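Given next, in structure tokens, is a single chain: the form predicted on its own.
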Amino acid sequence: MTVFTDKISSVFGFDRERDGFELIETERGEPDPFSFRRNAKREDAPEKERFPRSVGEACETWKLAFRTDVNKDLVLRRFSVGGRRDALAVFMNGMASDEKINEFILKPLMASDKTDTESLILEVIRIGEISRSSDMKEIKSGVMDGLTALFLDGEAQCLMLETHGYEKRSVGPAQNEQVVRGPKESFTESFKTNVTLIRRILHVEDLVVETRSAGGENNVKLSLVYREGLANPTLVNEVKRRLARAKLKTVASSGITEQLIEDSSLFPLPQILSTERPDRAASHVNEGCVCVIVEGSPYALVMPITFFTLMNSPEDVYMRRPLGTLLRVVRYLGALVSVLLPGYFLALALYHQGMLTTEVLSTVMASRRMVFEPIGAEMILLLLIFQMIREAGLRVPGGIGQAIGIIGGLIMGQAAVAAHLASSVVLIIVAASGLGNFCIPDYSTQIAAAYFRIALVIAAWLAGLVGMLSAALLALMLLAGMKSFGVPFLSPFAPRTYSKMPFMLRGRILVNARAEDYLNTSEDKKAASQ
């Protein structure tokens, strides 16, 4: 079975980007050097820029690099420290806070009676975060990020002062992962705010936040968030290795990062969880997963995941056990209806009429009496129209989007039946399938379900229930052969591992002494879990 699955995966190209990594507890190995910029120096790479030793030279260097005659947002502020030592403050207007620079840097330095660098750092400059650097590339990147570079005449290094002051969106409610009970906060585009939102939830000293450049030319930062001692070291090293080998000129968001490090870019289902909820990201970190936060993106990436991770909602644990179980049962039933119902109905109507009662068969025949197109083509057409209505409702403003959904679902449907372009029974089947699709909590999984739904409809159109069953088994084999950062996609059921209660039942909330077994952490296995 495994050999057949591998062949099928090879035919569809799902294994072309997979490197055979498997997360096992005994595996040891060193990753590539943890640098999101490639460490290997290219032959055509420019030499390291020389650090200016005088304020005048530094001023000319910045003017040439940023063409200040055109770029007016770069500020070069020359002044004198205590009237005895020349200095230059370089910052980006709009990215750095003018108030911080004036009150805590310029005024204290101009009024200071001390000029040596150590005394200025310890007694004069009133900024919390101060670092030194002599790498001009790093200095320029910091200035473009909102830092202030302070050059002192005759000094071999400049001081990098934290003066961020750009406008950012405040923390608001989640838009795509809404819950009735539970926190309402969501990630924002602010890098530090996102890290803080996770630290506010996880008050543990072993929480590690490793910040590096995401690579490329725009110097976007990203952070790896995990619990040291709980997260599998092999998993952490594998995430670092994939991030280090990612080759792209610019990394602009978490969506691009996700595509660069996932196992297979052709597989419909996501292999990395993209969430906008800090509580959900913190929950997975607390279970031994690794979270990646990219600067400028209001989403966090969580890895590894399983199919059941995509089907779970943060609201499940905030509800009492009976309500949480009911929500999960409805959600999985809705997903099954969404994927299986159109193909199953089509197979019965075309090849297995004996399984339908006379009344149902008569209703189907009566509804299709004036419809000219085959029922299989009609089903696929209505499914595609449903996707078009859904996409149109998402891309237009809120009130108009709701109106489009009503018009498309009611008026167009009724008009299509009246014009004999579609039958009322098939329209009801497609509508029920669409409602079931909205029960899936993850947006990417909702879109991926359309691939499986249409594939099953085509298989049922060609060969009835036999074709539909064959297509379903093929999809199940592909799922069983898929992995997310070395974790089987159908675990903890295939293969069977130590895990929580059955996935459709909400167990009691107990203290867990061990994270999920399929993550192969090194904790004690004696405790029960919810």
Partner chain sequence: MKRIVISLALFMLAFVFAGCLKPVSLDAYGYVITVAVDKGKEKEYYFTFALQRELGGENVESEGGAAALACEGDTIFEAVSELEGNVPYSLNFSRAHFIIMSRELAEEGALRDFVMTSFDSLRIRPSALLLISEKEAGKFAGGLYSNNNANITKLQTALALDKEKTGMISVNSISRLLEDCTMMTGDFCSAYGAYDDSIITDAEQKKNESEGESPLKDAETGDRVGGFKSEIIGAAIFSGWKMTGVLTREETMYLNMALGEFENGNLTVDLGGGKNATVLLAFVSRKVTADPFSEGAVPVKSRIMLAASPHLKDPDITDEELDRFITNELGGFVAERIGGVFEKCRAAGSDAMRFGTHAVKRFSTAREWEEYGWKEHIDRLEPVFEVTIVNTDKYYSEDMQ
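Nothing here was measured: the structure is a model prediction, and the numbers come from that model. Numbering follows the first chain given and starts at 1.
Although not depicted, the form predicted together with the partner chain is the subject of the following passage.
- Stretch 342-350 is the contacting one of 172-180, 109-117, 87-95, 342-350, since its residues have non-hydrogen atoms within 4.5 Å of the partner chain in the predicted complex.
- In the predicted complex, the partner chain sits within 4.5 Å of a heavy atom belonging to L474.
- In the predicted complex, at least one heavy atom of T363 sits within 4.5 Å of a heavy atom of the partner chain.
- Contact between R368 and the partner chain in the predicted complex is found at the 4.5 Å heavy atom cutoff.
- Mapping the unseen interface onto this chain, W461 counts among the residues with a heavy atom inside 4.5 Å of the partner chain in the predicted complex.
- Shown without its partner, this chain lists L122, A431, M355, V204 as candidates; in the predicted complex, only M355 has a non-hydrogen atom within 4.5 angstroms of the partner chain.
- Of the candidates L421, I375, A392, L327, I375 is the one whose heavy atoms come within 4.5 Å of the partner chain in the predicted complex; the others do not.
- Against the partner chain in the predicted complex, the set L266, E359 and S470 is in full contact: each member has a heavy atom within 4.5 Å.
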